[in-house]
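Before any questions on binding or motion, here is one chain by itself as structure tokens, the form predicted alone.
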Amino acid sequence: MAAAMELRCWGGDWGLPSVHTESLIVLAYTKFSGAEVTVSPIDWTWKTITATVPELLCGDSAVQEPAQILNFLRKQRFNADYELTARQGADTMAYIALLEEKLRPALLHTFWVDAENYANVTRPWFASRSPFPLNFLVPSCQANTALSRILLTKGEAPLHRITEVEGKIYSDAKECLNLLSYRLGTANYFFGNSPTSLDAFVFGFVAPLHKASLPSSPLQSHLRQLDNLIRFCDSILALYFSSDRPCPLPPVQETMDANLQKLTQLVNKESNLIEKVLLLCFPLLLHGFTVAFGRWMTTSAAAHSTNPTDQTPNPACPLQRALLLPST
């Protein structure tokens, strides 16, 4: 009997089973390959900062990263690519590399670096899904990681600052989306009549950009002009994830949720201010403590040296008793 498999990932929203690209890739592939996994969202747990997601647990094995998880599932005979030819397999690897090189930096910038999107969409969502006090740490840590990754991969000379990189990464991303749209054409999937690992990767990259309500995104505007990619994402959601969507809430609850969202945004803005104040004040507080402690030590030493009682020899001390003996 095969061991039960558990998938740890970020939870869903925006009509998606997960808002996290890597988690969405693995979730889609499990549906395509027929793998039965128990999905365990890390939302509202300490794993939001300690865990690396997605993570597949099977018996004593723990596998991370989408490519490694997909390989593990293939070894368990859950293979969505078994009908691909060698040429199609090579094309799959090439397109996945294209997604990683051309589209991922723009997605990281859109969700984590763009100030308006980060303040109104990304940070409130991840903060609301993290327990206190991690709601102050998780979004900022992921934003810093995203910025570092963009500069590491795209910040080669003479482009050293993020403002100099933006134009390049968005141009590459639009070119990547155009190539994907051209390759898909009028077909339902990229290879044949069944979805494969390439469909899972494209869905994981494109679906969050399609479904998120972003106040500022030229890349999202460009995607909406590519009707076949939009249809591709909607079709997968309808065929494979329709039963995973939460039931619609009553109007009163929707109003309460809208008010709660506004309150969350306000709290997040205040949290940003608190973080900045703490970062500015901490060095001053540390310096003040160091100066005060130094003065206290100096005062204590001076008081000790001027206290006559401290200068009285102690006969019980062998060294002082030797000093008190008269010389012969």
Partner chain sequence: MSLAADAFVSQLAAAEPWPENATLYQPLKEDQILLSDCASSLAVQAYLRMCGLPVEVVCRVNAEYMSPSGKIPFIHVGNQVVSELGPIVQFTKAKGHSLSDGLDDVQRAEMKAYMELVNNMLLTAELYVQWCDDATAAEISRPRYSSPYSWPLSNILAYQKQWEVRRKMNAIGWGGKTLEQVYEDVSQCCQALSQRLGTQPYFFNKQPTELDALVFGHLFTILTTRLTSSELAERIKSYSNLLSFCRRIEQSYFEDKKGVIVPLIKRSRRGHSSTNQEV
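Everything numeric in this text was worked out from a predicted model, so none of it was measured. Numbering follows the first chain given and starts at 1.
Same protein, other form: the form predicted together with its partner chain, not shown, and the subject of what follows.
> Name the residue from F72, Y240, Y95, F190 that puts a heavy atom within 4.5 Å of its partner chain in the predicted complex.
Partner contact (heavy atom, 4.5 Å) among the options: Y95.
> Is there a non-hydrogen atom of K102 within 4.5 angstroms of a non-hydrogen atom of its partner chain in the predicted complex?
Although its partner chain is absent here, K102 would touch it in the predicted complex, with heavy atoms inside 4.5 Å.
> For Q225, is any heavy atom within 4.5 Å of its partner chain in the predicted complex, or not?
No, Q225 sits far enough from its partner chain in the predicted complex that none of its heavy atoms falls within 4.5 Å.
> Can you tell me whether A86 touches its partner chain? I mean in the predicted complex, with a 4.5 angstroms heavy atom cut-off.
Looking in the predicted complex, residue contacts with its partner chain include A86, since a heavy atom lies within 4.5 Å.
> When the contact criterion is heavy atoms within 4.5 Å, does S235 count as touching its partner chain in the predicted complex?
Output for S235 is no: heavy atoms all beyond 4.5 Å of its partner chain.
> Would you mind picking out the stretch of 112 to 120, 168 to 176, 211 to 219, 127 to 135 that comes within 4.5 angstroms of its partner chain in the predicted complex, counting non-hydrogen atoms?
Going by heavy atoms within 4.5 Å, the stretch is 168 to 176.
> Using a 4.5 Å cut-off on heavy atoms, what residues in 103 to 132 are near its partner chain in the predicted complex?
Going through 103 to 132 in order - heavy atoms within 4.5 Å of its partner chain in the predicted complex - there are no hits.
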